[in-house]
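Let's start with one chain on its own, the form predicted on its own, as structure tokens.
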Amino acid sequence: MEKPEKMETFHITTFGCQMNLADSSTLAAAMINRGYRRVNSESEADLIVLNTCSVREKAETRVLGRLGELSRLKQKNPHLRLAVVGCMAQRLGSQLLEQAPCVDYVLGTDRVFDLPDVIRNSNGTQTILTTLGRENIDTITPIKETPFSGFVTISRGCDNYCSYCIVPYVRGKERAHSADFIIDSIRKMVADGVVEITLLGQNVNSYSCDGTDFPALLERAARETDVRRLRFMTSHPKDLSRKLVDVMAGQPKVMPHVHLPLQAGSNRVLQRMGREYTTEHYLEIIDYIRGALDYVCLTTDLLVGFPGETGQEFEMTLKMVEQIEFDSAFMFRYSARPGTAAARLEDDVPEEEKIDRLNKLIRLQNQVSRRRNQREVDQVRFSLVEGTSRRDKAVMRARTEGNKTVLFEASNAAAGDIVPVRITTADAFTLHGRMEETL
């Protein structure tokens, strides 16, 4: 594992959330700054990095499956090195090497950006670094995800400790960038051509630094920078304030999209989950958002089959979905995460029942999403062009203000443009339209 004389190449595969995508971009910048070259194909790489997620068992299973494939690739190419970084590395530590001995570097969430130094100092030995509290948040410089969009991480870690969630254990306690650092980061991105920025945190609503809360930070970002579009995620219902909604209503730069995880429609289940809000409180937030904003898209996370969830309580979730009418949802069945409080509960909902409930929920949400998208028809949405459709290069793919994908034909639109698109048809997942030449 001695470093070769030639410049090394690397490839990063990211699993999980937008926070992981942002971390991968920052890691890539750190690698490039140290003389490594990023490549698009694993076959070209001297180093393959898997940036991992531990939120659900399925995410870890995917990583282990990928490592099985890479171990065979490594047998053919002994020079190849493998790094597993992020949440799964943090959770498993040395246990990961027992399951995948082909891995050379295991770096937890606070050590991800140390990878270039670890490679240099490893002296040909496997390295495991998972100590929390070693990360200096001020060294985490925001990086563009595309030439026209980027993430700015405003805080890292989480203090909520929902009973089913592994994040606080693998990400550590919440710590925040200063408001000035964040504003300066946005300005630098805008100067580099970025038109849309997403502010990221495990719970952006709990952001607090030197007397600045999240609504004040968002308003500063809108007023004091030239960024054209601002987004944020993820929000927690117990902390989302009316003050934040008022900022959204008063600042056109803030896109009308709120991702607000509900998780369950039963107060008893929410209490067992440690969510610290009720369905009544959640509905009050939704009513205020829709009353304050002329147009808004609401998305959510939903978890079925939590320990003790009865059939009647699952029906409560279905009723909430019908009542609220989310534009879309991420939907999952419960799987115990070792080390969490819920893992000590009896997992008494049979797997077949979990799958049945999840399928019912997906069918219902798809119906609701189709209804919501039909309301977009004949509306003009100012959409950020991301590129061409994966299926048809003559068709452009863009993202509306409400964060919906829209496909349209246009010969004079390029990635990074914000263009008016009149919606002509819609299904449950995608809008279709035509670009308006004049309004």
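All values reported here derive from a predicted model rather than from experimental measurement. Note that residue numbering begins at 1 and tracks the sequence as displayed.
Not on display, but discussed next: the form predicted in complex with S-adenosyl-L-homocysteine.
Asker: Just to confirm, with a 4.5 Å cut-off on non-hydrogen atoms, which of Phe113, Phe181, Phe332, Phe326 contacts S-adenosyl-L-homocysteine in the model of the complex?
Answerer: So the residue touching S-adenosyl-L-homocysteine in the model of the complex, by this definition, is Phe332.
Asker: Given that S-adenosyl-L-homocysteine is left out here, which of Phe314, Phe232, Phe214, Tyr164 has a heavy atom within 4.5 Å of it in the model of the complex?
Answerer: Contact residue from the list: Tyr164.
Asker: Pick from 74-82, 257-265, 95-103, 358-366: which stretch has non-hydrogen atoms within 4.5 Å of S-adenosyl-L-homocysteine in the model of the complex?
Answerer: In the other structure, the partner sits against 257-265.
Asker: When the contact criterion is heavy atoms within 4.5 Å, does Thr225 count as touching S-adenosyl-L-homocysteine in the model of the complex?
Answerer: Result no; Thr225 lies far from S-adenosyl-L-homocysteine in the model of the complex.
Asker: Classify Arg156 as contacting or not contacting S-adenosyl-L-homocysteine in the model of the complex by the rule of any non-hydrogen atom within 4.5 angstroms, answering yes or no.
Answerer: No, Arg156 is distant from the partner.
Asker: Just to confirm, Asp301 within 4.5 Å of S-adenosyl-L-homocysteine in the model of the complex by heavy atoms?
Answerer: Asp301: contacts S-adenosyl-L-homocysteine in the model of the complex.
Asker: Is there a heavy atom of Val55 lying 4.5 Å or less from a heavy atom of S-adenosyl-L-homocysteine in the model of the complex?
Answerer: Because a heavy atom of Val55 falls inside 4.5 Å of S-adenosyl-L-homocysteine in the model of the complex, the answer is yes.
Asker: Within 4.5 Å of S-adenosyl-L-homocysteine in the model of the complex - does that hold for a heavy atom of every one of Ser149, Lys253 and Lys404?
Answerer: Not a single residue of the candidate spot has a heavy atom within 4.5 Å of S-adenosyl-L-homocysteine in the model of the complex.
Asker: Using a 4.5 Å cut-off on any heavy atom, which residues of 397-415 would contact S-adenosyl-L-homocysteine in the model of the complex?
Answerer: Stretch hits: zero.
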